[in-house]
Each structure stands twice: as C-alpha cells, then as structure tokens.
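Presented below, as structure tokens, is a lone chain in the form predicted alone.
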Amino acid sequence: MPQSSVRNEQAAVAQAPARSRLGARLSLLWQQIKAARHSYFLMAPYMALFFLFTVVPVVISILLSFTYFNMLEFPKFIGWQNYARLFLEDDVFLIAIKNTILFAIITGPISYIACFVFAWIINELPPKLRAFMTLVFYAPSISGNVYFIWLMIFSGDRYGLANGVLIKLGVILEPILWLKTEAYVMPIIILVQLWLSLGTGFLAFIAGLQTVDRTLYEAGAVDGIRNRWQELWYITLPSMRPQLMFGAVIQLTASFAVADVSIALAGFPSVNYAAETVVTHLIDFGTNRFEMGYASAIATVLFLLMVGTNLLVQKLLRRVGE
C-alpha cells in the first residue's frame, strides 16, 4: 500500500467517533500488515523459533511460579505462596538478591565503560596491531579453564601468589584463606568478573566504531566541534547507538546472571552464602532440590529485574548526543 494511503487511513481513524475507533484501528493494522506482508514472510522462520524457544518457555516458567511442582507430580496451583516464601521466609534469597544487585551496580557500569574505552583506544591503532590487541583483550572471555589462574593467585596456602607476595613483603605473617573468608570472597569475584567482561559487548563496540562515517567528523568541524570529547558525544556515540544498546543489554545481563565465577572460585554453596547470587540460588532449587515451582518464582523475579534495568538503561542511552 502506498504511504499516502496509509496516512489517509490514519487521518480517518483520528476523525472517527470513539465507538468505531477500535474497528478502524484494527482495519488500519490489517492494511499495514498487508502492505508489509513480504517482510513478515521473511521474518516468519525466525519469529517461529523465537516464539517456540524463548516466549513459550518464559510464559511456562511464569505460570509454574504459581504452582508446587516437584517433577514427579502434576503441578499444583498454590497462588502467591512461592513469592511470599521467597521474600518473607527465605533469608538466603535476600542475601542472594543483595549480592546480585551489588554485583550488577559495580560490574555493569564499570565493565560497560571499560568495554567502550578500550574499544575506542584500540580503534585508533593501525589495522594489524588493532587486530592483535582485540584478540588480547577478548581472549579471557573465551578461555576454557580461566578460573584456574585465579585459584592459583588466591590459593589459601603459602604457595598462592597473593599470599606469597604479601608474606615476602612483610604485610602479613600467616596465609589468608581468601576464598574461604567472608569479607574477601565478593571483592575477588567482582575483580575476576571485571577481568572477564571484555567479551561480546567489546567486539560490538569495535564493530560500531568501524562503521562511523568519517565525513561526519569533517562536517562537525565545520559546525563548530573543536575537540575529541565533542566528537565523541555529538558524532561517535549517536552514530553507534545500536551497538551501545546491544552492549548495555549484554553487560547488564551478564552482571545479573553471574554464577559460574562464584561457583568456580567460592564453591557451591560459598562460605556463609557470601557469594550467593540469584542464579546460584535458582540452580540450588532447580537442579538439586527439584522444587521447580519455587525455582520458577526465582527465575521470574530475576527476569523482571533484568527487563526493568534494561528498559531504564535504554531510556538513558536515547539521550546520548542531546
């Protein structure tokens, strides 16, 4: 359908009486779908897979969160009991959600900014050196047994690198059980996660910087942009807004979904649940205790937390360049 016809339909909807607007809007929607039917046809395979493997499991998990389900019996509807138990009776969950939010507040923004800063610096290097440095920074996020390095550093005996250096310098006299001491566990996990954070978001920023039109900088110089910071704010960042959005989603999701680093370094469970996160709590009830209804309630809370945070961040990123 031509664009002028669509605009005429929209004008007609605006002028229609209130009782007939719903029917007019549905008619307009159908006309727009018909006009873009080729696009919908091309999207259909992906949308079918997305609906089947993403939307349906999320909906099922939300429904199961209102039931008692132990994998042996048919789910039994119990209303809000799982959520009441979660927030009023489960002290470990309160520790987990506190640790997760703290972890996300620290690692999310820092890793996001670090990804962009390193990508911005590396982008200024010659092509061959840029490719090498990209590999150097990206390698930790794809390494297999990368936690073994940090277990050697923070080993609780005199052979651990941290203890050995501190004893040699005279800072401490006896080895510290780094990963078994409640005060040290969370800072160590945050440190390791920051080291691992230059992953997919980092590559997205590198790609985004490569696609910025160089002529925009020349036009900006004519319009009064005088330094690199003004170029960054008014040209570079607005030009790579899709990559910024993608990087924000990736980094925040990784921050809220932390589990592997906690289990690998602090054990499962950690000492006094000092490194317990929402995801490790979910793993405990979902794979160890098989309380699937309760685990679904935990997953639903985490899902809402992620979605709300991502919407807030995307709203802030839309103001970039203003």
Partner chain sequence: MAAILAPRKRVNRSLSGSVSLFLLLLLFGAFMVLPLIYAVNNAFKPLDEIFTFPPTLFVKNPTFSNFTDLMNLLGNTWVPFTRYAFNTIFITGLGIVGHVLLASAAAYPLAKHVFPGKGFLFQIVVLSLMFTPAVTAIPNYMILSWLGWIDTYWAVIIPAFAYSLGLYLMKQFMEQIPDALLEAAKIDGASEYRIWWTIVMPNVKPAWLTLIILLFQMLWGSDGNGYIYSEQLKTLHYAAGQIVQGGIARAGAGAAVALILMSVPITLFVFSQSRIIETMASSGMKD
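Given the structure is predicted, the values throughout are model-derived calculations rather than measurements. Residue numbers count along the first chain shown, from 1. In this text, rigid core is short for the largest set of C-alphas that superpose within 1.5 Å between two forms.
Quick note: we don't show the form predicted in complex with the partner chain, though the next part is all about it.
> The partner chain is absent from this chain, but in the model of the complex, do Thr100, Ile105 and Phe268 each have a non-hydrogen atom within 4.5 Å of it?
No, the whole trio is out of contact, none within 4.5 Å by any heavy atom.
> Please determine whether Pro242 contacts the partner chain in the model of the complex, using a 4.5 Å cut-off between heavy atoms.
Yes.
> Please check if Leu198 has a heavy atom lying within 4.5 Å of any heavy atom of the partner chain in the model of the complex.
So Leu198 counts as contacting the partner chain.
> Give a yes or no for Tyr234: in the model of the complex, does one of its heavy atoms lie within 4.5 Å of a heavy atom belonging to the partner chain?
No - in the model of the complex, heavy atoms of Tyr234 and the partner chain never come within 4.5 Å of each other.
> Just to confirm, Ser296 within 4.5 Å of the partner chain in the model of the complex by heavy atoms?
The answer is yes: Ser296 has a heavy atom within 4.5 Å of the partner chain.
> Please name which of the stretches 76-84, 91-99, 179-187, 164-172 has residues with heavy atoms lying within 4.5 Å of the partner chain in the model of the complex.
In the other structure, the partner sits against 164-172.
> Of Asn272, Asn288, Thr54, Asn70, which one comes within 4.5 Å of the partner chain in the model of the complex, counting heavy atoms only?
By the 4.5 Å criterion, the partner-contacting residue is Thr54.
> Judged by heavy atom distances of 4.5 Å or less, which residues of 275-303 approach the partner chain in the model of the complex?
In sequence order, Val279, Leu282, Gly286, Met292, Ala295, Ser296, Ala299, Leu302, Phe303 come within 4.5 Å of the partner.
> Superposing on the rigid core, I want to see if Pro45 changes position between the shown form and the other one - specifically a Cα shift of 2 Å or more.
Yes, because once the rigid core is superposed, the C-alpha of Pro45 moves 2 Å or more between the shown form and the other one.
> Using a rigid core alignment, state whether the CA of Ala259 is displaced by 2 Å or more between the shown form and the other one.
Comparing forms between the shown form and the other one, the Ala259 CA shifts below 2 Å.
> Indicate whether Trp30 shows a C-alpha shift of 2 Å or more between the shown form and the other one, with the rigid core used for the fit.
Comparing forms between the shown form and the other one, the Trp30 CA shifts at least 2 Å.
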